[in-house]
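Below you'll find only one chain, the form predicted on its own, shown as structure tokens.
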């Protein structure tokens, strides 16, 4: 029982470590003592804990107001019925973008005194991302929207905070030019990258691939479900450059679908919550716009409400030639959202961090084997794993080892399917590493008996140098996941 609980705790994504609320969640009692307007919404449950009624819009709006004032020094308000953001969750998104901008995945090109400039798609009446980004990190923002109420109250919220108001521009979207689909690709589909059967059950993934020629457009059929206001194209001005865009898209196809969660009440109008085709169509249009704007942004990002949409959206990104795709998971209470980011800038040459690249021998414990499963069964699975991708694989039952030879093309096959497992490494994988950068790889996998039900699996790289560092580490990690899925079910 304890093991199962430990597993769930480890696999569960957490609040971003730099989030103000990571180790100190909002103290309702403290806030009620300091803000008389919040006190009426706080009650105490049977265990003595202070709580609020999450189904009460007024309570959630007042909580957001006092958190922004108490923890961020911001003055803020929105009218009844408008979408009320949760501060900890929105802070997670801000800090994730901060990670993207500070990473060496793509070159840093900030020219405005190292001040990042962002574009908030559909900033809404709450204008939460520009307010948080400006107050926490000093970022500049353009926040766009098209309804009068959103523009009016976003402006009010900006002007109510004169210490950061010069950092934020609220921009009206011109409704006279509705968004339209782009033309069809003339080149063969999927030529410039393909998202293979990646596993998105672990919350994060990083993949890198080549860029198509600049003239290519979005393939036909992508984004046709969206016919609403312009998103980026037609809103971003000629010559403008941004470090990133971000978006909390309309997650739902109907307002009835938006109201299915009876446990919360965060408001939200039809314009904020609903779009024909839902979030998939909306984010697809962001992808389509990004193809046209390309390097006008270092990073294009969006929040995603449904995990099932991630793989579809990533496949679309490879179809249009994104060079980098990155995902994460945002957690706040019982609510999960996912972040999707991509770029058309060339990736840094470094594929793996040095501490991963230096390894030429690796090992792991394979636990949980049943009585009928032996070391020889594991060796056969190792042999089958490599044979299934066309590699030369020879099992030596006398010495309990498998000798493997992989071609450059077969190494690439494994690299393409790699995803990031866990949260303590940031492994970047080339989705189409040029064959002339990879040589044939020779390795040996050995199996040693430890205690009943447990084997030690060792991998040794049988050559001194690999032109592209870290490939062996990635391949061995893939083998590890494959063997654990077959022999260690229920144990991690």
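Residue numbers count along the first chain shown, from 1. Not measured: the values here are computed from a predicted model.
Below, we refer to the form predicted together with a small molecule, which is not included among the displayed structures.
Taking a 4.5 Å heavy atom cutoff to the small molecule in the predicted bound form, the contact residue among 301, 290, 328, 126 is 126. Taking 231, 402, 168, 245 one by one, only a single residue has any non-hydrogen atom within 4.5 Å of the small molecule in the predicted bound form, and it is 231.
Looking at the small molecule in the predicted bound form, residues 15, 26 and 88 place no heavy atom within 4.5 Å of it. Proximity to the small molecule in the predicted bound form, taken as heavy atoms within 4.5 Å, picks out 117-125 from the listed stretches 390-398, 134-142, 362-370, 117-125. Residue 147 belongs to the set of residues with a heavy atom inside 4.5 Å of the small molecule in the predicted bound form.
Among residues of the shown chain, residue 226 is one whose heavy atoms approach the small molecule to within 4.5 Å in the predicted bound form. With a 4.5 Å cutoff on heavy atoms, residue 375 does not count as touching the small molecule in the predicted bound form; it lies far away. Interface residue remark: residue 100 is not counted as part of the site for the small molecule in the predicted bound form, having no heavy atom within 4.5 Å.
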